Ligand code: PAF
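Here we start with a single chain on its own, the form predicted alone, put down as structure tokens.
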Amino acid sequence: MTYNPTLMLSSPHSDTQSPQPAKPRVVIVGPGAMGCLHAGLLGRMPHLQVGLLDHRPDRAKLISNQGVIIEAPEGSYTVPTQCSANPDDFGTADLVIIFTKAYDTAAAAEHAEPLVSEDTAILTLQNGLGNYEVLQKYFPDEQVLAGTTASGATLLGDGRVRQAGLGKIVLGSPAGNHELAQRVAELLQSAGLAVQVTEDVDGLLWRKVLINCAINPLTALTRRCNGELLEIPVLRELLDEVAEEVYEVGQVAGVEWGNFAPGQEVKQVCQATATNQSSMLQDVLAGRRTEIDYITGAVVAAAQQHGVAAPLCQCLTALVKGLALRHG
């Protein structure tokens, strides 16, 4: 896509009389694997101002000094990146992208508040269910967008990631502000990212959580890469069973699945990301807290709310929590 220098997020009626309009400012919240990956991808674009908001001043200083380092299949590269633990260092942003863990969403929203004006779009591309609802407690509903990304990355150290693959971003407005969703999509597309807009945000998030429910806990518990789950018959069968359970809970919760085939979709993701370590496995191996409460745990909560059972998700939630306690 050819970049339009007048593309801003504030309003289609913004003053564009200046011959050199300000570059759109994008601030990414959370310097984990996905945050650093996208800070690097967007930061390579000269028409964007990209910042990375951390909550640790020491790490922020290190990343600002060294830049974001991405190990990509075509070779490693470094992107100079402004990283700070002080949101006032960035000024008001046109787009804020939340990439923290799901359990840190509220803290991230509070930290990012100085970045947000009435013209700022706030986009969550986090794992799990419930993130955009938390953001809507802090910001106007019509400014909050939600989506998923099929890209993957492994955190190798502070500000250093290995790119595991680049996939499509799908996003939309839970409040129905489709014009804002389209403008954000165009901004991300101008940086070379594949982006699609959807009007079915909840369905999108449930499809992603179904895949995460099937793959992430099993990889974390067995210490296996995604593709290995297909090589062992009992695990391959369990993938199908978990996917079907989430599908049924989603139906009761009002999700319109369309022609989505749960078992087939999960297997395709395992094949496409065969050598990847899931984010949950990375967390377990690093001794970090997992997002299990926002993945299988969120499905259990939805099932209880609607009076149905989700025994597999309940079991996986307990096992991963027990694993984290053991290694915590």
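When you see a residue number, it is the position in the sequence shown, counting from 1. Bear in mind the structure is a predicted one, so any value in this text is a computation, not a measurement.
Another form exists, predicted in complex with the ligand; not displayed. Remarks below refer to it.
- Among heavy atoms of Ser64, none comes within 4.5 Å of the ligand in the predicted complex.
- Contact between Asn216 and the ligand in the predicted complex is found at the 4.5 Å heavy atom cutoff.
- Looking at Thr290, you'd find every heavy atom of it more than 4.5 angstroms from the ligand in the predicted complex.
- Although the partner is absent here, Met45 sits far enough away that none of its heavy atoms falls within 4.5 Å of the ligand in the predicted complex.
- This chain is displayed without the ligand, yet in the predicted complex the stretch 275 to 283 from 36 to 44, 299 to 307, 275 to 283, 52 to 60 comes within 4.5 Å of it by heavy atoms.
- Exactly one listed residue, out of Thr81, Gln143, Asn226, Thr105, brings a non-hydrogen atom to within 4.5 Å of the ligand in the predicted complex: Asn226.
- Residue-level contacts in the predicted complex: of Thr100, Ser173, Asn131, Asn212, one residue has a heavy atom within 4.5 Å of the ligand, and it is Asn212.
- Highlighted residues Asn127, Lys208 and Val269: every one comes within 4.5 Å of the ligand in the predicted complex, counting any heavy atom.
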